[in-house]
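As structure tokens, one chain now follows by itself in the form predicted on its own.
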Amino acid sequence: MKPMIIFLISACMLLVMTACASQTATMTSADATVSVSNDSSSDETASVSNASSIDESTSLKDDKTGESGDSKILVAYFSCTGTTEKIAGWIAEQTGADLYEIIPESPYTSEDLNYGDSSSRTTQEQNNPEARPVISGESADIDRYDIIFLGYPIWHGQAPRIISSFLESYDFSGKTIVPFCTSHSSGAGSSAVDLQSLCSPSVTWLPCERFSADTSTETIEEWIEVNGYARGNR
């Protein structure tokens, strides 16, 4: 009888020990699963974080490229009496353009501007299609610009020869030139058309607009608006 009791007690103890061992293994397995799950979540979060960082960087780069793709405008002008300079300043202000003054190495005096004197400098230069007055000062960084407003006074029905010097000093291929001139009485004539032959055929020339000394800022604004170059419209 005693051996039977001892056997039953041993069997019960064995069952209890087996159950405990099984529970411990299950808990260990669960812990491992939780650990692996947390690690995977951490890696995924890092991956998403990195992806967001890359996307944001790319987006900023694209935005910057878009901004730099806007048309850059230059207003280049030659002025002796200040009339063309005034108009050029208004155009630059209303378009947000940069200004570049075409300065002669040898300034023009009042005697030089005596159009009624056949021996005056301006008369001699305008009568000589090959005359090319030298330009002084820093060169214009033409490569930076897509559109160039080109301003000049009318001398003897033409653009001053220094404008020819300016056009022959740079490569305007693929750019747009918007000519404008100033005079007290005469019109633009063929001044702009005559200048076109000095540039590459790939240059787009818009019609020349003539302004007088009493032109208003409203007139300039309307002209710029019609051409689509007003600040904020590009």
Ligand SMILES: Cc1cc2nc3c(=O)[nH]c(=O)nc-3n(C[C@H](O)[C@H](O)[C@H](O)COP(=O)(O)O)c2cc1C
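Residue numbers run from 1 along the displayed sequence. No experiment lies behind these values; they were computed from the predicted model shown.
Form predicted in complex with this ligand: not shown, discussed below.
### Contact test, all of Tyr115, Gly157 and Ser186, partner this ligand in the model of the complex, heavy atom 4.5 Å
Heavy-atom distance to this ligand in the model of the complex: all three under 4.5 Å.
### Task
Name the residue from Ile135, Ala140, Ile147, Cys80 that puts a heavy atom within 4.5 Å of this ligand in the model of the complex.
Only one option qualifies, and that one is Cys80.
#### Entry: this ligand contact in the model of the complex: Ser191, any heavy atom under 4.5 Å
Close contact is absent here: in the model of the complex, Ser191 is far from this ligand, nothing within 4.5 Å, heavy atoms only.
### Query
Does this ligand come within 4.5 Å of any heavy atom of Pro104 in the model of the complex?
Pro104: no contact with this ligand in the model of the complex.
### Contact test in the model of the complex: Thr84 vs this ligand, heavy atoms, 4.5 Å
Yes, contact at 4.5 Å.
### Message
Would you classify Gln94 as touching this ligand in the model of the complex, given a 4.5 Å non-hydrogen atom cut-off?
### Response
No, Gln94 is distant from the partner.
### Query
Along 122-143, which positions have a non-hydrogen atom within 4.5 Å of this ligand in the model of the complex?
The one in contact is Thr122.
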